[in-house]
Ligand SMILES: C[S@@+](CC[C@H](N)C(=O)[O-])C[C@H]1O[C@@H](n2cnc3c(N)ncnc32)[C@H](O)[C@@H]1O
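Presented as structure tokens, the chain that follows is alone, the form predicted alone.
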Amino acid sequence: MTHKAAPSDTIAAPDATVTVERLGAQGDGVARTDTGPVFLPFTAPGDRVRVTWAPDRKGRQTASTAHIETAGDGRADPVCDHYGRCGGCRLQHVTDAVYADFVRDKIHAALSQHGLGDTPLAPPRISPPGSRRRLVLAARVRNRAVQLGFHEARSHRIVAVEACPVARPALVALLPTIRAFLADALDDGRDQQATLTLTETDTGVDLTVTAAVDPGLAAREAAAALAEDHDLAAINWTTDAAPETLVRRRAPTMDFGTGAAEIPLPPAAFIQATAEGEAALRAVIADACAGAHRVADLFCGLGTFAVPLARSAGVRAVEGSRALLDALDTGARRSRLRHPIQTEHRDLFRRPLLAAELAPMDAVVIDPPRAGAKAQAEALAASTVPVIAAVSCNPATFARDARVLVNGGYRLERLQPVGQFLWSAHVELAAVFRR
């Protein structure tokens, strides 16, 4: 475990014992030395760590964690046998309080870089173990031998898993049977690789297999048996062509907390990782848009926010993915929503909604991908929309775009940190801007 500790001209230093003071943005422990900070993976605040210095391939001094001499108060016992190898949960070794601080501090650091460090942050809403309802698994099959699990960090190697402490129990229970299914479905004597997306929807589990080969008769028969024996809602298969539904016992749908909607889920489509995280984000959106009669939902996806908002307001839902937008449109038309959802297919990176188009809106919701939405933020900053509710999965691009809005006259009123990806360095947030 090595990380760059100081500039490339650092002179080799003797071994030393350091104290981890905090967690860095990627979850590594950070300790101070005479030559600068050192980043130590799998350490926790308060740990006393013996550090050995050595040159890397470019001759720069790096530090490796020889061993933890004394565990700090921030350390906890990992709950997973795959901890340290699986690339998913690199922060299982810290206490709940330390992890919550990490989520908040990562957002605060990003805001501070753009002069927004005084923004009030609510206590983080962290999803509990056993709550992840969407898993993306890697698989490798050869001569009926199946590896199924997650990739190691920064590697293509697969860590085969029998259980996952962050996943919904219904998904974990399917892992052995999916392994057997893959042995039948991809048994052609060659080394085959696949990606599997498992999603627990409101109407059952949806499984999508992405592979380099088309499904043969064996795959189709195995899919039918798997769905029947374990009550899966649907099984899909995709290669370079459009996804093919092999089995559909019932439509996988989401109601997004309304109890009145049935939005069909396209194969492997994105939804929020946990119901708890979705509810936390949705609560901020609902509060910000209370009293609004006309709302624009930008980067609306399947309608995570547009659908519940349509109970009290007319919604203009804009999305760049045709598959997601068609699913939202189909589901909204047959759902029992009080107000209409007007869908619009549009690339908001190239064609953001401009101030004149935004003028009729009482509120705007924006939930862009990790790259953020700088062009759309600039258009919003030039608008007269009274309130903007923003959701982000990347504090750095959120802070950049928030600065644009603040420069345009908005006030960043509140921010809710959300941790849907428990024990990872991935954090999310919902924020409210007002004029």
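Note that this is a predicted model, so its numbers are computed, not measured. Numbering starts at 1 and runs along the sequence shown.
A second form of this protein, the form predicted in complex with this ligand, is not displayed here; the remarks below concern that form.
K.L.:
So which of 408, 369, 37, 46 gets a non-hydrogen atom within 4.5 Å of this ligand in the predicted complex?
P.N.:
Checked against the cut-off, the match is 369.
K.L.:
Which residue, 245, 312, 131, 321, is the contact with this ligand in the predicted complex, using a 4.5 Å heavy atom cutoff?
P.N.:
Looking at 245, 312, 131, 321 one by one, just 321 meets the 4.5 Å heavy-atom criterion.
K.L.:
Which single stretch, out of 346 to 354, 80 to 88, 103 to 111, 205 to 213, brings residue heavy atoms within 4.5 Å of this ligand in the predicted complex?
P.N.:
Stretch with heavy atoms near the partner: 346 to 354.
K.L.:
Quick one: is residue 199 in contact with this ligand in the predicted complex, heavy atoms, 4.5 Å cut-off?
P.N.:
The answer is no: residue 199 has no heavy atom within 4.5 Å of this ligand.
K.L.:
Answer for residue 181 alone: is it within 4.5 Å of this ligand in the predicted complex, judged on heavy atom distances?
P.N.:
Outside the cut-off, so no.
K.L.:
Counting only non-hydrogen atoms and a 4.5 angstroms cut-off, does residue 264 reach this ligand in the predicted complex?
P.N.:
No.
K.L.:
Within 4.5 Å, heavy atoms only: does residue 307 come near this ligand in the predicted complex?
P.N.:
Judged by the heavy-atom cut-off of 4.5 Å, residue 307 is well away from this ligand in the predicted complex.
K.L.:
For the stretch 121 to 151, I need every residue with any heavy atom inside 4.5 Å of this ligand in the predicted complex, listed N to C.
P.N.:
Contacts from 121 to 151: none.
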